[in-house]
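Consider the single chain below, provided in structure tokens and representing the form predicted alone.
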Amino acid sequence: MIKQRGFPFHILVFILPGLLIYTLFSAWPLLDTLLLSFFEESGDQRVYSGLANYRLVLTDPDLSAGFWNALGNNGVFFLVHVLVQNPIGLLLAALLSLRNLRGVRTYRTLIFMPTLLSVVIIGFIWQLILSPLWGVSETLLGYVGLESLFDAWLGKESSALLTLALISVWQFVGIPMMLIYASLLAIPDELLDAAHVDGASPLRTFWQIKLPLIAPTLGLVTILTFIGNFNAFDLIYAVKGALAGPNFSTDILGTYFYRTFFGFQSSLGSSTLGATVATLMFLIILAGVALYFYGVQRRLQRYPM
């Protein structure tokens, strides 16, 4: 007769602290924010209003214009990172994974180092570099005969958002690089040696062997980039403040939420409208993640390594 084991209650000792912290600092605030978005402020009281706040944010002429502008800017911010940051991270990872490459640790550290710096410091440094008055960017462009291309990129509506996105790319390119680099190192040497024996060039080996094997990692990097960009706030706030100038051209959902919740200039903030914007941000991120897992992740073919 097989003796049945009882429930391993000792596991709860390890699970409960983490579960308690997650509930208090993640799950409960998220649920409270969701509930708060269904109320509106009436004097000193909050009155249940259903979906009224969502209609205001999405359709009201005064609020919806800012929301859709911020959402569009967020989309541009994300596309710059996907089309610039992640391919550069892939290229750097591929170069660092080459055999017999000298100074790999030094290159890896230098590229990843900006990720460790404060966003406030990054924003201040790049403001100094790009300043038309005392910045060094015009001088540096002059050394290569391109001083005519210099402009006040952070001060123009047409270029401010792209400039900030490229600054963010410069700071965080080390993260996708390290994730992809670790995935490349996990590829068995036997596969690469077999390809070399068969006469495959390094470029063909990369496209036909390495790239398919790291496809799940590339998908993970993409979805992490999506989540990070739609939660972005600090760089825009550090460089352009809560108004995300010039003329809200660098406004994203994070700064729009900040102004809605805390207010700005003569406009008073609203905790219920702020909760509504935060809930919409969560739903957008949730929809993007769900679309990725349903449309991309389950179709990725995984190869044993």
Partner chain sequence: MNSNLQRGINTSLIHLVLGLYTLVALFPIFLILVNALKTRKGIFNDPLALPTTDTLSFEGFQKVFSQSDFLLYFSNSLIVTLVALFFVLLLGAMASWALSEYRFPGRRILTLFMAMGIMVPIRLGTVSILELMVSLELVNTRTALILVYIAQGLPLAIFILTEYMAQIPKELKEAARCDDVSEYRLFFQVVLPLTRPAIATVAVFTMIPIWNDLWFPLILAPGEGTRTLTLGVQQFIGQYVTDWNSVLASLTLAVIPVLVLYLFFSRQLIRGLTAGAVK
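Keep in mind it's a predicted model, so treat the numbers as computed, not measured. Positions refer to the first chain, counted from 1. We call the rigid core whatever largest set of C-alpha positions still superposes within 1.5 Å between the two forms.
This next part talks about the form predicted together with the partner chain, which is not shown.
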Given that the partner is absent here, does residue 181 sit within 4.5 Å of the partner chain in the predicted bound form, heavy atoms only?
-> yes
Is there a non-hydrogen atom of residue 26 within 4.5 angstroms of a non-hydrogen atom of the partner chain in the predicted bound form?
-> yes
Answer with yes or no whether residue 60 is in contact with the partner chain in the predicted bound form, where contact means some heavy atom within 4.5 Å.
-> no
Residue 233: heavy atom within 4.5 Å of the partner chain in the predicted bound form?
-> yes
What is the one choice in 71, 162, 92, 218 with a heavy atom within 4.5 Å of the partner chain in the predicted bound form?
-> 92
Which pick from 76, 149, 83, 186 sits with a heavy atom within 4.5 Å of the partner chain in the predicted bound form?
-> 186
The partner chain in the predicted bound form - contacting residues of 15-35, heavy atom within 4.5 Å | 15, 17, 18, 19, 21, 22, 23, 24, 25, 26, 27, 29, 30, 32, 33
Do you see a C-alpha shift of 2 Å or more at residue 282 between this form and the one not shown, with the core held fixed?
-> no
